[in-house]
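Next up is one chain by itself, shown in structure tokens, the form predicted on its own.
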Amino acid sequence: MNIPVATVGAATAGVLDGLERLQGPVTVVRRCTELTELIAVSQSGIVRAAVVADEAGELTAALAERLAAAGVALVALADDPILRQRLEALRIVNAPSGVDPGALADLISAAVQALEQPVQDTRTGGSNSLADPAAAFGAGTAAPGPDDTALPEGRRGTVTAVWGPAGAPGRTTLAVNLAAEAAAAGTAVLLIDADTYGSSVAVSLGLLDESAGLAQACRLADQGLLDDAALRRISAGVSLRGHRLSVLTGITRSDRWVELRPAALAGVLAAARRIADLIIVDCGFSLETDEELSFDTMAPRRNASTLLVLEAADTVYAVGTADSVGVPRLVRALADLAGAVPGLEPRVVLNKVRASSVGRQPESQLRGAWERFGPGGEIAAFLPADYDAADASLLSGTALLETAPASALRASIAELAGVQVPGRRRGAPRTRAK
């Protein structure tokens, strides 16, 4: 197997001369002067691996993802222990700058094979079966990634994504109150606002959103600097009945969506699993991938963060409005979801259930319509329309359990979250929308 390689950095000169003397399958075909040139060469399709030395400190998760998308394996040469630790956190294969040429050739070959190895679905708990090619060089244990199961103290939090089609079906209301109910019950919860079109978690909880906590976390993750302490420091705290709900607020303007790159967001989710038992993510509505049809196929994709969260989630709630517009819209959106994320089985939630929109006994009417026209499966929950309670909660900047603890909407969401509401027996009939 011939492996053409491009390099950047004067420090690679000696090692690369040794590679050429080996006359093996690894061949240096291009020596670049800077990273931008290396990226251009990688996207041209003439190389299968890239070796970076002097500019290893400028490597990021986004750049590594860009090279991987072009089919180019990345190897960094560095001697600084701190830099090598950061490269490990980014899962970038690395070795000392004075590595033996033969060992470097083996490292490059292993990195190329690892890149070509198919990755299993993250929801099945699978991962790449190849061993870490950097292990032979004493690089240490890499920082846990999205597929890792062996996390500190045995913790591996579960990710719940709240998604729904366009038209304000109540994604944020459900995400915020699911998180609030779980947090108030004593669960360590991290609520993440990953909506790239209209983030509103901060407003719903009365938080100042100038900081854009998720964008900050993504920047650190992109540089391999997001550890557990940093994520806890960035997260805002909301007190709910003596318990803390941690929140990563969303972007403050919709044009900042480019800050939520998939590789960085994957790092944030991996760190979130280590510090929280439950991670609830409020997603954007769009699943379109039209950006991939543009001239620059490596350009950032606005909906990539939503797709990544849906693929990584352990549970997905698909929220739709319970009326003649919202239900058909949800049915079409679920078909799009099945095409975008094959194998996903979302739990359907119908929100704003009321007799005035569907007739008497609205739950029965909706269930019958779903059985006839829906894509199959049962409806997980019916959330009654309680506009007074929802408005009071939004006006107060807190969750329903604080402003309307006795409301039917709060009781239904608590039941969905698996939380027993005082004074109401689990499984008891819910108050019907009138």
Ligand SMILES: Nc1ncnc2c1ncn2[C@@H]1O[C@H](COP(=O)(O)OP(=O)(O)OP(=O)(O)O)[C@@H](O)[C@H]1O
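Just so it is clear, the model here is predicted, and its values are computed rather than measured. From 1 onward, residues are counted along the sequence shown.
From this point on, the text means the form predicted together with the named molecule, which you will not see here.
Proximity to the named molecule in the model of the complex, single hit among L409, A56, L38, V51 (heavy atom within 4.5 Å): It is L409 that has a heavy atom within 4.5 Å of the partner.
Which residue among R84, K352, R273, R261 has a heavy atom within 4.5 angstroms of the named molecule in the model of the complex? The residue in contact is K352.
Do A390 and the named molecule come within 4.5 Å of each other in the model of the complex, heavy atoms counted? The answer is yes: A390 has a heavy atom within 4.5 Å of the named molecule.
Just checking whether L401 would be counted as a contact of the named molecule in the model of the complex - the rule being heavy atoms within 4.5 angstroms. No.
Whether L394 contacts the named molecule in the model of the complex should be assessed with a 4.5 Å heavy atom distance threshold; does it? Contact check for L394: yes, within 4.5 Å of the named molecule in the model of the complex.
Verify the contact flag for G170: yes if a non-hydrogen atom of it lies within 4.5 Å of a non-hydrogen atom of the named molecule in the model of the complex, no if not. Flag for G170 set to yes.
Just one of 378-386, 60-68, 29-37, 43-51 has residues with a heavy atom within 4.5 Å of the named molecule in the model of the complex, so point it out. Careful reading of the contacts points to 378-386.
If we check the named molecule in the model of the complex, which of the residues in 64-100 reach within 4.5 angstroms of it by a non-hydrogen atom? The stretch does not touch the partner at all.
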